[in-house]
Each structure stands twice: as C-alpha cells, then as structure tokens.
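Single chain ahead, written as structure tokens, the form predicted alone.
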C-alpha cells in the first residue's frame, strides 16, 4: 500500500533556510541550493570552499587520494608520510574488499603504514625518516610498488617526497616507488585528491606493460571500489557474459592490472568525479573510448550490460547478455514484490560522494520511493548539470593548484577504436561516448539539489519532510538517528552489501524495507527534544 505524504513548498523552505544565515553566507549558500526543474536546467555552485564555521560532510585531499583511489589496491604498499592519526583515518574505513588468487599472493590492505611524524620531524624535516620507512617496507615485503602519500605537515615544511621516491626506485630496481603530494588542505575537498591520484597513476604506472591479454572483448571498470563486495558481483556478470575485465580502478585491483590497463578496447566509468581524468587521458594517449555506466539498480545494470554488448556488436554476446539479464531480473522481481509494499511512497534523501547520490536513486525508484533531496560532498558542476557545462566552468585558484597533465598521442600504442561513422551509429543505438548527463536531469521537479550540505540545512530538511531514510556517511549517522530517522551509510554500507548488480539490488531491497518498516525510529527522542521543556530556547543574532 502506497504511503501518501504531505510535501512542503520547496521555495518557501529554501527561503526559511537562508534567512537564518548572515547576509553574505546566505548569498553564497543560495547558489549551492537548487530547487530542481529537469525541463529548465539551473546552474548550481559547486567545488568551492566550505564556509568557515559550518559543519560540512567533506573529507580532505589526502582522503580522496589514499583513502579512495589508491587504498583498495591490494599489492601496492601505501605509506603515509605524516602523523599517525592521518594514516589511521584512512585505514579500512571504507570496507574495500579484495580477493587474492592464492593465499600466498600479496595483500597489504589490512596493513597500516605510516612514518608517524613527531614534533621534531616537523621542525627539522622528515625526509630521512621517510626514506628509512620505504627501505624497511621493501626489506620486509619486497612489493612491486610503494606509494607515498603526504599529509598537511609535509606540505608545510617542504619535505621532497618525490625525490625520496625517485632515489628508492633507482636503489631497488624491481620496485616502482612513486609519490603523491596530496596534503589535506590542497583543494576544497577530496575531489582534489582524486585528481592527484589519477595524475600520479597515469604518470608512474599506466602504460608500463604492453602485453596483449587473452580475451575477446577487454574492458576496464573505472570508479568502482568494491565496497562490501560490489566488484565481485560485477566480475561474476562480466565473466558469464564473455567480457574480459582487465582492471578495476580500484576495487579488487592489482598493480600489474593498472600497468596493462591501456591495452583494453573500452573503458566503463562508474564514479564520474573520482576517475574521469584517467578515462580522458587514456583516450587522448591510447585511443581508448569511454562510456558512462551505472551498475546500481537492477534495471540500470541490465541497461549497462546491454550497452556494452551493443558496443562490441557481437550477436553471441548480445544473446548471452539478454539471457543473463532476463534470468537475473526474474529473481530480482520476486524480492522486489516482497519489499515494495513496505517501501512504496516513502521518502529518501541522499547526500554522499562520488556518483552514489545519483546512482542510488535508481534503486529507490525501483522500490517506489521518492528522492526529495540529494547532493554531493565533492562534486563539480558537471556532476550535477552534465559535461556540456564544462567549457563554462571557471577555473579558480584552488583548482589551479592541481597539476593538469599535457597528454599527447603515443606514437606506437595509439589506436583509434572508432571512426566518426561508428560514433554516429552508436549514438543512434543510445551509446554516447565521453558524456555524462549529470544528476539533475534525472531528479523530479521541485526536489532539492544541494551541494556541500551543512548540518543546519540537513536539520531543516528532515524537520520539513520527515524522510523515511537518510543516506550519508559516518559523520552524520548518529545525529540523524537521534532525530528519529534511520540512516544508511552509502560510503561503507554499514557492514551490508554488496549493493551493485542484480544480487546487490536484492540485498538493498531487503535492507531498506527493514529500515523503513521498523517502528523503533518513531520512538526516538533527541536529547534536545527532551530538554526543551526545561531549557530556555537558545537564540543568536548576527551582524549584517
């Protein structure tokens, strides 16, 4: 039975939110809060500095580089040059899983490598300590590669981590040591760290192995981090459909796979923001085309698999993909029919990083749930409005701090996979290359799109809509639950998952139907609600 809900006036709610801010803050935040209209796209302000004093969801540049992009790779030793707290912050927090082929294969994900900088290293420099740590890691494990990640103090004191890496590579001979200047303050969010990680991998790793892999149709999956085992489900589907997965960036990934990833026929991009740089550079240098896909949601998974089959134009593959999709969708239908009576008509909000705030709306649609508000922590305008707006985006000072690689065609390895006629023919089939339409065109009229949402704005949205589920991260989890709203972490899945592919959709249906059906949340009273009767209301005034 569908649940009917009262929906507040979005325009009045936006005014109510902004009127509590000081004038300058209200003007700035107003540009980052958009009432959506898919027929008349609006410009949203994104990828700018968070306002000092607000409680933001964002992470830092280091978190994006080490924590997101490099962290899920099992056979690269990631050494954090900085205080131990930084390394601990990025240690196993995202539940990236991996599956070595044998028990003897390298797997460093469970380790925490850090130089543990102290005050004397900040004063006198930490390069010697870093070099010693690199030597020790090599002597203990003899890895194929060591990645060095700098945190805030390193950038402030000027340690040359790249010189240390270069000397170590020459010294070892059989170990590629490379460094990332990903100090936390560099850039406005973890997006800067993604860009730096992409650049580093392209400069130091991609293209080192030109071996032709076995397999008829070779792809890379970019922007899939195997949280809760998502990659395992997708690997199962690719194998059954006759698709050869060379490398995933970077869930369940290996260093050797990265080295050889430029030899594929097609790149698939899942998380547009975190990995589009590699996709673009690989196309420029090696001619590998890329398409945007979404494996979150049963229908989206089927659509993406069929898109891949259409690209390769293989009748046997098209038939096999259709068989797999029909079989899996029939299983999904049974679970959906069980869950939907409990979820139909309920409301959801999603404020998470990457493309998740967009992709997971597909799963909620399948459940009959309406997404009334969504946004990203570290998006750029093109993640919201689509890549067509990229030429109009102004490059600010923070973005200029990040190196832009000049990539030229490789004289020996560049191979144009598609002619202009091929591209036109594919477009008629619904396959568009190097394109992403963004989140806003897929959201309903009069829904909220908010970039870098503040804690105050979150509180006001929950107060106005009383959503049945809120999707965010660990920093928001407990405050929102104290407000009587269940929160589903979509950064780490709260020990659930996988949620990708067909089996992932079934898992998600079950988890969400349980969450929205539980009566426990309606019995929760936040501490500030209990104390309201005895504590005078706190007020504040601002100087305009």
Partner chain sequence: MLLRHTTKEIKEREGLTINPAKTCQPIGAMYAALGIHGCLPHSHGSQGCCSYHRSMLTRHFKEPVMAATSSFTEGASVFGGQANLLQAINNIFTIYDPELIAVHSTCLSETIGDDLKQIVTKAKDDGKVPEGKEVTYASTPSFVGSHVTGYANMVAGMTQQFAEKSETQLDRTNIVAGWMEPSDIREIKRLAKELAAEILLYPDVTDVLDTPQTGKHDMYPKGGVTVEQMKTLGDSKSTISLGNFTAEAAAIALEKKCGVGFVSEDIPVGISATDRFLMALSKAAGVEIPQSITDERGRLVDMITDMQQYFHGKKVAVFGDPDWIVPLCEFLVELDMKPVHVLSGTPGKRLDKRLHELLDMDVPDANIKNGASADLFLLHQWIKNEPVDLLIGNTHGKFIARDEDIPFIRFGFPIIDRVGHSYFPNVGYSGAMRIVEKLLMAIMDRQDRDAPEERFELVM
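Numbering follows the first chain given and starts at 1. These numbers come from a predicted model, not from an experiment. What we label the rigid core is the largest C-alpha set whose atoms superpose within 1.5 Å from one form to the other.
Just so you know, the form predicted in complex with the partner chain exists too; it's not on screen, but the next bit is about it.
Contact check at 4.5 Å (heavy atoms) against the partner chain in the predicted complex: none of 10, 72 and 225 pass.
A heavy atom within 4.5 Å of the partner chain in the predicted complex is found for exactly one of 327, 365, 132, 320: 132. Taking 137, 271, 352, 164 one by one, only a single residue has any non-hydrogen atom within 4.5 Å of the partner chain in the predicted complex, and it is 137. In the predicted complex, the partner chain sits beyond 4.5 Å of every heavy atom of residue 487. Although the partner is absent from this view, residue 414 stays clear of the partner chain in the predicted complex, with no non-hydrogen atom inside 4.5 angstroms. Contact annotation: residue 392 falls outside 4.5 Å of the partner chain in the predicted complex, judged by heavy atom distances. Contact check for residue 240: no non-hydrogen atom falls within 4.5 Å of the partner chain in the predicted complex.
Figure note: of the listed segments 511-519, 32-40, 54-62, 498-506, the one touching the partner chain in the predicted complex, with heavy atoms no more than 4.5 Å away, is 54-62.
For the partner-free chain shown, 156, 157 of 154-174 come within 4.5 angstroms of the partner chain in the predicted complex, judged by any non-hydrogen atom. Remark: with the core as the superposition reference, the CA shift of residue 27 between this form and the one not shown stays below 2 Å. Once both forms are fitted on their rigid core, the CA atom of residue 12 lies less than 2 Å apart between this form and the one not shown.
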